[in-house]
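The chain below stands alone, shown as structure tokens; this is the form predicted on its own.
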Amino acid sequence: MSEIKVVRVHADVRQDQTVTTGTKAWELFAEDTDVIAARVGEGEGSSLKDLAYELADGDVVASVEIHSPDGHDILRHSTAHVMAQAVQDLFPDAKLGIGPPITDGFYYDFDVATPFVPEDLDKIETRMRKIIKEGQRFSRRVTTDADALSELADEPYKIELIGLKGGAGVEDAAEGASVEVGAGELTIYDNINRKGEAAWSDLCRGPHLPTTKRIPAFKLMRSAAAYWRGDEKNKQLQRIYGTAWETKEALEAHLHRLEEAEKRDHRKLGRDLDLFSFPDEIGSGLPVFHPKGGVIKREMEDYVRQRHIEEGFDYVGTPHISKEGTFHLSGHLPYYADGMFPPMEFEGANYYLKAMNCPMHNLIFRSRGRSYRELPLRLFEFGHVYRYEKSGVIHGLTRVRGFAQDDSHSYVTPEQAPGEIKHLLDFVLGLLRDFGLDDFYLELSTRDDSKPDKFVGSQEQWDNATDVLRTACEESGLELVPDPGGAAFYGPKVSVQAKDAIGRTWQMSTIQYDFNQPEGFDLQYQAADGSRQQPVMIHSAKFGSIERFLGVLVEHYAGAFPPWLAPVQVQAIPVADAFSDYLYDVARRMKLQGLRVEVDDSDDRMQKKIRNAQLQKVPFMMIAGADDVAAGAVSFRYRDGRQDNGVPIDEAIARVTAAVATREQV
């Protein structure tokens, strides 16, 4: 056997190694039991490989640990295969759809005669454990289209996927389809049992774990209906969701987070706290805010409006609809047509509900001549927009069809762009901190060069815009995570990914660099030398969507808003009816200070009133009895159960006023 040279990358160490031909990747990392796969190559040209991959001369090979993001995907994809094997063992007539890894888990779609029930999931889990215990080996083999079509003749959905292989639309043809077919060679994975036989096989690109024994902890979560390839015109399949983790402790921690998330579900809390609802009569994804929810929404709007003014923005207003030509100028038609509601014909023209505010801000900029002395020109509004989201993705306030954006656009010279992006980053990070979100990182979304028809502009324009955003992000000192292919069609963007109180990550504020719309609208300003120049347009949304941000806040705080946002800041509770007038007078004084106070003069007993205030998550309670009235004081009770008796009225008012003014997280 001859010798070849490879570069082994492991634990931040690069080491040139000489090995013999036929050496497998696992031999490089045999000493580390956490390694489950290998990444071969560097940069965008690298790819994930099974540990059984045979090394070639000059390969750069990095380890993939089970606890890494790539490792999680491989673990979960492998577990999805085990689940599908178990399903077909128990339900031999089940036909296979697709089974990709997803955030924190995996799923697999099946065509079965009757929907799965919880008892079925229990049986499937039991069978999966037997497969895992057997230590079946995942074995990759290359096949031809013809051979695969013959071998999978009884799997109609796999046959359909093979027909998509190599097509430009395979990524969009079915969610997760790319884990099975792609532009390269076609492969099948066999699960090899102890007898050396293929116990089960599936069309798949891989990679996978070495054996099923490398699956430490998993759980099947639920089943649901799902249309094949996400198209409502197709047959409805049964989807089983599961999760898998590198240790039993990690699985238990995940399940605890899910339990906590269920308690914090903003849809449930929205009902319990009487904040908002979704009347069927209005339509799916179109929320209405009740008085208490309206208080929170107004406080958010007042805050962000004032902050925009302080940061140099001018408030503007634009209509909800526009002639279609506006969206042709912006490029949204045809690039974004599927995300917009159908047009309405009126007076011989097509009108669209706006899905974004930027085209109309461009028309404000273009309404008269502009000078470089006016730049940066910053425009801002609460623009209500409408997007045609599919019914399957609508989720409470966090995914709706009608919502208000705190939408702003900065028009700057190219030289001003870096400074403006830094200015906007500082703005949004400060805003998030004021709302109690202070654990975040940045994500840089760039163009997918393999899909040039989905993006406008030259490579030079994209490179320049991306460099400007990347530099500003790096100077912020925050972690920067790449998001290849996630850019808008008109330019790259940076988004703030914030963690909530239970560690979930939410995409919050966004900043986008746009070189397309200024050209489409022929925006110009007069430069210092008298020439006409094109400005750079920078989009920024601090909340993104007021509705979505509110939904996130409800879950972050579990409904227990800090005093400045709480719909009711103080609940006044008389020990007996005789003390109601006293508390009404205290409430009047508080209201003069701008505080939101209610007096509970119902027939309920005092302890029931306290309990009601706790259920409504009111930050402060003021309780008054005979001793309090005699002393001109109140018993001051906090949401967490602490209580100070005999607090003078002026001091009680000062405590609440200070907590509101400082945005204290009580």
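Start at 1 with the first residue shown and count on from there. Think of the rigid core as the biggest set of C-alphas that the two forms share within 1.5 Å after superposition. Since the structure is predicted, the reported quantities are computational estimates derived from the model, not experimental observations.
The next section is about a form of this same protein that is not shown, the form predicted together with the RNA.
Of the residues given (230, 343, 156, 418), 230 alone sits with a heavy atom within 4.5 Å of the RNA in the predicted complex. Between the options 470, 205, 370, 390, the residue in contact with the RNA in the predicted complex by a heavy atom within 4.5 angstroms is 390.
Of the stretches 425-433, 75-83, 346-354, 114-122, only 114-122 has residues with a heavy atom within 4.5 Å of the RNA in the predicted complex. Taking the partner from elsewhere, every residue among 603, 623 and 626 has a non-hydrogen atom within 4.5 angstroms of the RNA in the predicted complex.
With a 4.5 Å cutoff on heavy atoms, residue 49 does not count as touching the RNA in the predicted complex; it lies far away. Contact between residue 224 and the RNA in the predicted complex is found at the 4.5 Å heavy atom cutoff.
Contact check for residue 101: every heavy atom lies farther than 4.5 Å from the RNA in the predicted complex. Although the partner is absent here, residue 517 is not a contact residue: none of its heavy atoms lies within 4.5 angstroms of the RNA in the predicted complex.
With contact defined as any non-hydrogen atom lying within 4.5 angstroms of the RNA in the predicted complex, the contacting residues in 230-250 are 230, 232, 236, 238, 239, 241, given in sequence order. Superposed on the core, the two forms barely differ at residue 433: its CA moves less than 2 Å between the shown form and the other one. The rigid-core alignment places the CA of residue 384 less than 2 Å apart between the shown form and the other one. The pair residue 502 and residue 557 is at least 3 angstroms farther apart at the CA level in the predicted complex than in the present model. Between residue 504 and residue 557, the C-alpha separation grows by 3 Å or more in the predicted complex, relative to the conformation displayed.
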